[in-house]
Structures are given as C-alpha cells and as structure tokens.
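The chain that follows stands alone, in the form predicted on its own, written as structure tokens.
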C-alpha cells in the first residue's frame, strides 16, 4: 500500500516538475486538453452504462444523466451525488 502511495505521489509530482521544462505547441496543448475531457467522458459512460460485460439496468444511466445535468448546471457536488442516487433508487423502486 505504501509503495502504491509513494508511486502515485511521485507520478503526480512529475507533472508540475516537467511542465516548466517541456513546451508544447498550442495545437498539441489543445489536443491534450480535449483528450483529457474525452477520456473522462468515456470513463463516465463506460461505468455508468455497463455492468460487467453487459448493459446496466435503466436506473443507473438515468441516475448518471440526472447527475450530469446538475453538474453541467454547476450544482453543488453533494446535490449532484444525492440527486443521482435518488433518481436511480426511484427508478429501481418503480420497476
């Protein structure tokens, strides 16, 4: 566990240290910023829509969608999480 923590800290520390030494073109910088957003969106979709190797039930995508809308509207994080959980629970209760 401590090795993992040290490795994670070192990995996070390398970014700011190398940022001053490496320069990217503006196009590469935009591409890196866009790729980070695409990667996070793919992660949210994959974990929100699937369970194992199959499609998750309808409650999870609806909960993720409700949380996504609230996050997009810049609602507080606690409200986003609680609303997403409540929507998923209500859909499972009704079904």
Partner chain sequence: MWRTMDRDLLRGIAVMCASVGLIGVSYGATAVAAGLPIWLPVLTGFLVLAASSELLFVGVIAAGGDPFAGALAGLLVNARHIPYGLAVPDVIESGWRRIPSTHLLNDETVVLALSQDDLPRKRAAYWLCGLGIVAVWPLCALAGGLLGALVHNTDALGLDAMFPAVILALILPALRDRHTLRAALVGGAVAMAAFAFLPVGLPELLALVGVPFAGGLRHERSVA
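Residue numbers count along the first chain shown, from 1. In this text, rigid core is short for the largest set of C-alphas that superpose within 1.5 Å between two forms. Not measured: the values here are computed from a predicted model.
Although it is not shown, the form predicted together with the partner chain is what the next lines describe.
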Query raised in the report: Does residue 1 reach the partner chain in the model of the complex if we count a contact as any heavy atom within 4.5 Å?
Result: yes
Requested in this report: Flag residue 5 as yes or no: does it have a non-hydrogen atom within 4.5 angstroms of any non-hydrogen atom of the partner chain in the model of the complex?
Outcome: yes
**Report entry** in the model of the complex, residues of 32-51 near the partner chain [heavy atom within 4.5 Å]
**Finding:** 32, 34, 35, 36, 37, 38, 39, 40, 41, 42, 43, 44, 45, 46, 47, 48, 49, 50
Report task. Would you tell me if residue 43 moves between the shown form and the other one by 2 Å or more at its C-alpha, with the rigid core held superposed? Result -> no
Query raised in the report: Once everything's superposed on the core, is residue 76 shifted 2 Å or more at the Cα between the shown form and the other one?
Result: no
